[in-house]
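Next up: just one chain, as structure tokens, the form predicted on its own.
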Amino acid sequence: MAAKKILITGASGFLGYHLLRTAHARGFDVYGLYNSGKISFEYSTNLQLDLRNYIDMGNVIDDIEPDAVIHAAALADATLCQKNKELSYEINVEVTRNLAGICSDYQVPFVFTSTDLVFDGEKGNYTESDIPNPIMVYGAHKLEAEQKTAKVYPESLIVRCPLMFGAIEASDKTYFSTFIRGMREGKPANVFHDEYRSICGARSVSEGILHLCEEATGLFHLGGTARVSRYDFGMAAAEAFGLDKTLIHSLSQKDIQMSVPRPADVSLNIQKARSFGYSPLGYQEELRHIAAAKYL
């Protein structure tokens, strides 16, 4: 029996990096779409495509005939989204809506990866039934993309992802790789003690997406098993990598004038996903795997 084909957009990005490898490990025939980045994975069929070209996008899906499409591509730089709302809307909303529509036309299962930043951070432990209230452009556009996806293709799977960390080699631009690199160079790191997320390894999130893709539709929260402050995560990362914890300085969100509003607590309740078999590793365990170069 031929392996199921899975098409992943944003395959050169951080989540895409982990999705490609996790999907291959699970036995999928993997296709990765990228725009300007590079994909260094020999076990996937990689295609360059600007997702704003909807005709080409439809032709690719028609040619590949995937068993599922995971839309992980996004303009995820919150500062850039805040400064260039038109570009953010074009990529984060319009592309998502059109891709959902194409998948609906072909009746291909569609997965949209959203974000915990659709919430305002006033209470934390958000469930799927809590009402979103984004305080930044990026979160607002991801929420609108969720709504348009659900309208265009009600059978879609929408997963809200947490703040993630993962393989250092996946990207040199993520907060995690920047943090580890700076600590290794002996540079001080300022981290918030009053910003909380359901931080989770990208491998666990990828496994959750792929599992739910075959089991469910609708809206799900994916994240780690604990509500963690940025400061506590930084200390745990330093511990796992054997770095100097005295370089880590605790700050409050109130200490910094920020160009983009940051919610205080967007931790996610993941009980619904867990009832469907989602089983993430604890962040300390994933950190140890990464530090030992045994992550993927």
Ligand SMILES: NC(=O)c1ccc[n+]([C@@H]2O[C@H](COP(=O)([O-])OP(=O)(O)OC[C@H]3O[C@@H](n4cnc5c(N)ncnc54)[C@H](OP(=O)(O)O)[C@@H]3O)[C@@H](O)[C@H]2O)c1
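Just so you know, these numbers come straight off a predicted model, no measurement behind them. Heads up: residue numbers just count along the shown sequence, starting at 1.
In what follows, reference is made to the form predicted together with the named molecule, a form of this protein that is not presented.
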Contact stretch among 121-129, 210-218, 74-82, 187-195 - heavy atom within 4.5 Å of the named molecule in the predicted complex: 74-82
Which pick from 204, 114, 156, 88 sits with a heavy atom within 4.5 Å of the named molecule in the predicted complex? 114
Under a 4.5 angstroms heavy atom criterion, identify the one residue in 238, 49, 61, 247 near the named molecule in the predicted complex. 49
Heavy atom of residue 23 within 4.5 Å of the named molecule in the predicted complex: no
Contact label in the predicted complex: residue 37 to the named molecule, heavy atom within 4.5 Å: yes
Considering non-hydrogen atoms and a 4.5 Å limit, does the named molecule approach residue 164 in the predicted complex? yes
Given that the named molecule is not shown alongside this chain, does residue 110 nevertheless sit within 4.5 Å of it in the predicted complex, heavy atom to heavy atom? no
Residues of 6-44 having any heavy atom within 4.5 Å of the named molecule in the predicted complex, listed in sequence order: 10, 11, 12, 13, 14, 15, 16, 34, 35, 36, 37
